[in-house]
Each structure stands twice: as C-alpha cells, then as structure tokens.
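Two versions of one and the same chain are coming, encoded as structure tokens; call them structure 1 and structure 2.
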Structure 1
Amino acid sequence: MNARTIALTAVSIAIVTVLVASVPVPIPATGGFTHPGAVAEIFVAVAFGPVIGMVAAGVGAALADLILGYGSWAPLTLIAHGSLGLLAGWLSRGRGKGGMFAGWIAGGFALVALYFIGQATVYGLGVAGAAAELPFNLFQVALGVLGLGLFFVVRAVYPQIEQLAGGKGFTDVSKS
C-alpha cells in the first residue's frame, strides 16, 4: 500500500464520518438514526474503487456511530456500510454509468438487507422492529444517487480523479 492510497483512504474516512455525523435523524422505533452519508460513500466508492470505498464507508460510518453515542450499532454499521462501499466500487469499475448505477443499487440493497437481518436477529428487534427502519434505510440509500451525480460533476472538471486510486501517473488533459 502506497502513501497515496493511505492518504485517500484517510481523507475518505474523514469525509464519510463528517457527513454521517453532521445530520443524524433519530429513529425512535429502533434506537438508531438515518443520515445523508451514502452521498459520500457512493462518491468515494465510484471515484476510488472497492477497497477504499469499503474501508471509508464502513469505518467512517462506524466512527460516526461511536462519536454520536450509537456505539452499539457500530459493528453492524461497519459491515453494512462497508458492503455498500465494496459493491458500489467493484461494480462501477470499468463498466460506465450502467455499472455505477448497478453498484449503487446492489450496494444499497446489501446495506438495507444487512441492517434488516442484523436488527431482527442480533439486536433482537424482530421482523416488525427491523421493518420499522426499512423506509429510513431505503431513503438513506436513495440519497446515494447524489453521490453519483457529484462524481459525474467532479470527473467533468477533474478527469484525473479516476487516476488517483489506480496508482497511475497523472496526464495533463489540457494538452490532449
């Protein structure tokens, strides 16, 4: 792992943490909260790939849980949000806009399913309790489309963003 990858990962974790922690909306039925963190998670995964996406989404969201006093949710958050970042980054690699949208949908489905299963079983909320949070998790994932939009805008003005995680040298696109 090189210094660039470590720096990208650290900054991405910080961005996810801040976005998750900045607007927590409590969900009384489950004792959890929803947030706009999927915007940053999808952006990072699509821009920098599955490994950075997984680590930034999982660790960033889990750190926000710890910071905000939702520490009991941090293990499930690490896995659920990490899955979102992994799938979004993996499915978007080299597959164009279709792959990016597929990654967002598949990663979002994984996040919602993992939260539902974890809440219903490990956290003892049962199916009814876990179902109470479904609309909030779906809304959270839906916000991820803004992360795709952000990526398209950033890539339009800074095409080299796709080279950052790949370890390739930079190309001066103004001379192309």
Structure 2
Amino acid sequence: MNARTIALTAVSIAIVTVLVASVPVPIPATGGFTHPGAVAEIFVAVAFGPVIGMVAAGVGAALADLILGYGSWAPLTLIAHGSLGLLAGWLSRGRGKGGMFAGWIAGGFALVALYFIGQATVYGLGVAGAAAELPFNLFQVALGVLGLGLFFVVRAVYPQIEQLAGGKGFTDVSKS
C-alpha cells in the first residue's frame, strides 16, 4: 500500500464517520432522525473503488457507532456497511452510470439484508424486531443514491480527484 492510498483511505473513513455521526437528517413525517452516511459511502466507493469503498464505509460507520455509544452494533455495522462499499465500488468500476446505479442497488440490498439477518439471529432481535428496523435502514440506503450525484458534482468542481483515484503516483496537481 503506497502513501497516497493510505492517506486517501484514512481521509475517506473520516468523511464517512463525520457524516454518519454528526449530521442529522429529519425523516419525513415521523419526527425521527437518520443520517446521510450512505451518501458518503456511495461517493467514496464510486470515486475510489471497491477496496477503499469497503474499508471507508465499514470502518467509518463502525467508528461512528462506537463514538455514538452504540458499541454493540459496531461488528454488524462493519460487515453490512462494508458490503455496501464493496459492491457499490466493484459494480461501478468502468461500467458507467448504469454500473453505478446497479452498485447502489446491490450494495443497498446487501446492507439491508445483512442488518436484517444479523439483528434477527446473532443479536436476537427476532424476525419481528429486525422487521421493525427495516424501514429505517431502507430509507438510509435510499438516500445513498444522492451519493452518485455528489460524485459528478465533486468531479466537476475538483477534477484532481481523477488523479487521486488513479493508480499513478503523485503529480503536483494542486496549487495550494
């Protein structure tokens, strides 16, 4: 792993953690709150590929769980969100907008399914309890589609992102 990948992965994790842990999004007509974490996860996966996508989504969201005090969910979160990042990054590689869309759907499905199975079995919530969490997870994942839009906007604003994501070493692209 080279220095550039180390830095990019660390920064991607931190972006995901911040969006999951500290940005409340009201859920329509319920008075409850969710977070735009999936937006960041889809963005990172599409921009930087399956490996960084998986690590950033999984570790980022699990760290957020720990920070927020939901320590016991962290292992499940690591796997479920990691799968979302992996699938979204893998399916979107070089397959254009269709691939990105498919990545979001597949990753989102994996996340919802893994949470459901994990909560119903290992965590002992039972089918009824896991079903109660289902709409919440679905909504959270649905928001993730905006991560695709975010990717196109960021690429337009900051074209250097292509160099960051590519396999090349450093070239002096920023004038900061």
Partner chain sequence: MPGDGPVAINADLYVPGRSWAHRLDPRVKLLFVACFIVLVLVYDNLFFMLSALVLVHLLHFSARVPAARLRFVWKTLLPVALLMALLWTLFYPRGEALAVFWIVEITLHALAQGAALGLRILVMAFAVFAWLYTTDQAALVRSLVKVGIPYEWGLVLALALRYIPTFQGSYMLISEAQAARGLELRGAGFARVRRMMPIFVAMIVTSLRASEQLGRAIEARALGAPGVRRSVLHDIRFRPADYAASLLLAAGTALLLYLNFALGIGEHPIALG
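For clarity, every value in this text was computed on a predicted model and none was experimentally measured. Residues are numbered by position in structure 1's sequence, first residue being 1. For clarity, a rigid core is taken as the largest C-alpha set superposing within 1.5 Å between two forms.
Matching structure (the form predicted on its own), either 1 or 2: Structure 1, not 2.
CA of Val23, rigid core aligned, shift of 2 Å or more between the two structures: Comparing the forms between the two structures, which are aligned on their rigid core, Val23 does shift its C-alpha by 2 Å or more.
Inter-form CA displacement between the two structures at Pro159 - rigid core frame, Å: In the core superposition between the two structures, the C-alpha of Pro159 moves 3.7 Å.
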